[in-house]
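Included below are structure tokens for two forms of one protein chain, each presented in isolation as structure 1 and structure 2.
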Structure 1
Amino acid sequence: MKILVPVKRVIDANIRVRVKADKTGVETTNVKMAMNPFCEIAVEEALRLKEKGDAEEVIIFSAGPEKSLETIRAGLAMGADRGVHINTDATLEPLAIAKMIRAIAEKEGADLVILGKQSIDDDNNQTGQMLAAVMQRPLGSYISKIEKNEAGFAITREIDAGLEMLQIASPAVVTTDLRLNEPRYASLPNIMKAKRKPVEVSTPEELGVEVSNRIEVIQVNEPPAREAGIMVADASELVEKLKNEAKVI
């Protein structure tokens, strides 16, 4: 079994995001970037499936500018076998990304595509669903457990009412939730080995994927500042404020 893991380069989760002065987007110049945390979980789960003997190869995929290679190398340093980079400076929307992943998955003959349920920059939570649709494959979303079996994959997914256990056929697409695993840290020897692992570079045009955008960003603004809290003397004063000022009771 081959596993394809798409990953995304985003602003590091520990960095405070700043809006550009012209309000056209967020500032990324000289800002620390990292692999999207949900993508890290996807890479970790692919590696665990390989270590259990359920997969022979784990391939890391990323689309974006040349610096996206750093994100691919991070996945290779965790233990993946090789990478595929779609080099483009265009702003990529979920549908275009899904079509690129489909092209690579079909070319590689990937039996399973594991990707994070969303990225922490735009929080769209769309790519996995779109990918399953364009590939006409079964989808397991928000999974907190996955096991390979003869019929395909047994998955546990998180829903509002609790946990839902399903059986999906192979080949399939799954998206990872936070509680699936704890990603490993890449060791220094593996970081050095990752520099020698092969990464195939292509373009959207070579894949036959159009990347024209259908969404126009009008303006990006900082969220409103939170107002300071109010100290109350006792419970009766709290009830009075909730009733007369907040009008929640």
Structure 2
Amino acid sequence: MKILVPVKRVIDANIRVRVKADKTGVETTNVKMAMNPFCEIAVEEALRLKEKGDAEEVIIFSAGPEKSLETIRAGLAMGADRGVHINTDATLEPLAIAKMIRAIAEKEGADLVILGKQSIDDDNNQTGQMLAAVMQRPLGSYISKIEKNEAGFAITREIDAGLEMLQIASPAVVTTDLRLNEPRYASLPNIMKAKRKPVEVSTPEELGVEVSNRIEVIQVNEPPAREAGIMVADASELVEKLKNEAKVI
């Protein structure tokens, strides 16, 4: 089995983002970037399937500017075999990214594509579902467990009401939720080794994917700030405030 793992370079999860003064977006200059945390979970799961003997090869995919190569290398340092970088400075929307992933998944003959369920920058939560739709492959969204079996994959999904178990055919597309695994850290020797692993470079044009934008960002604003309130000393003061001041109980 061959596994394709698309990953995204985002502002590090621990950085507090700032809206730009001109309201065109958030400040990304001189800001620490990292692999999207849900994508790390996706890479980890692919590596575990390989280590169990269920997969032979794990390929990391990323679309974006030159710097996206760093994120691909981060996946290779975790243990993936090789990378594919779609080099473009264009603003990419999930539908266009899904079409690029489709092109690579078809070319590589990937049996399973594992994606993070959501990136923590745009919070779209779309690419995996769109990929399944454009490839007409079964979707397992928000998974917390996956096992390969003869019929394909047995998966457990995290849904609002609890957990759901599905059996999906292979080849398939799945998206990772938080409880799927805890990603490993790359060791120094593996970081060095990753530098020599092959990364194929392509462009949206070479893949025949149009990247014109359907969504225009008109403005990005700070959310209304919440003011810190007061501290209470004991239960009776809290209950009194909630009753008579806030009037919520």
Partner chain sequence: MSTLVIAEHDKSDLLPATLNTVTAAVQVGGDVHVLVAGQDCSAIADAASKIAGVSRVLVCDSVTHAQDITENMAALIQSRSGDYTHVMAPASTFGKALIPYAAALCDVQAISDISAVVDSHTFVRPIYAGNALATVRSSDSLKMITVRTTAFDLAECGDGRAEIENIEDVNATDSVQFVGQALSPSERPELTSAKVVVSGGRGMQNGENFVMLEQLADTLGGAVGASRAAVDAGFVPNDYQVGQTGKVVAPDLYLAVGISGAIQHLAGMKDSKVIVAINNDEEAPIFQVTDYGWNEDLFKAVPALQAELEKE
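Numbering for residues begins at 1 and runs along the sequence of structure 1. Whichever C-alpha set is largest while still superposing within 1.5 Å between the two forms counts as the rigid core. On a predicted model such as this, the values are computed, not experimentally measured, just so you know.
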(request) Determine, for this pair of isolated chain forms, which one is the form predicted in complex with its partner chain. (result) 2
(request) Superpose on the rigid core, then tell me if the C-alpha of I15 is displaced by 2 angstroms or more between structure 1 and structure 2. (result) no
(request) Would you tell me if T24 moves between structure 1 and structure 2 by 2 Å or more at its C-alpha, with the rigid core held superposed? (result) no
(request) Please state the CA displacement of V232 between structure 1 and structure 2 in angstrom, with both forms fitted on the core. (result) 5.5
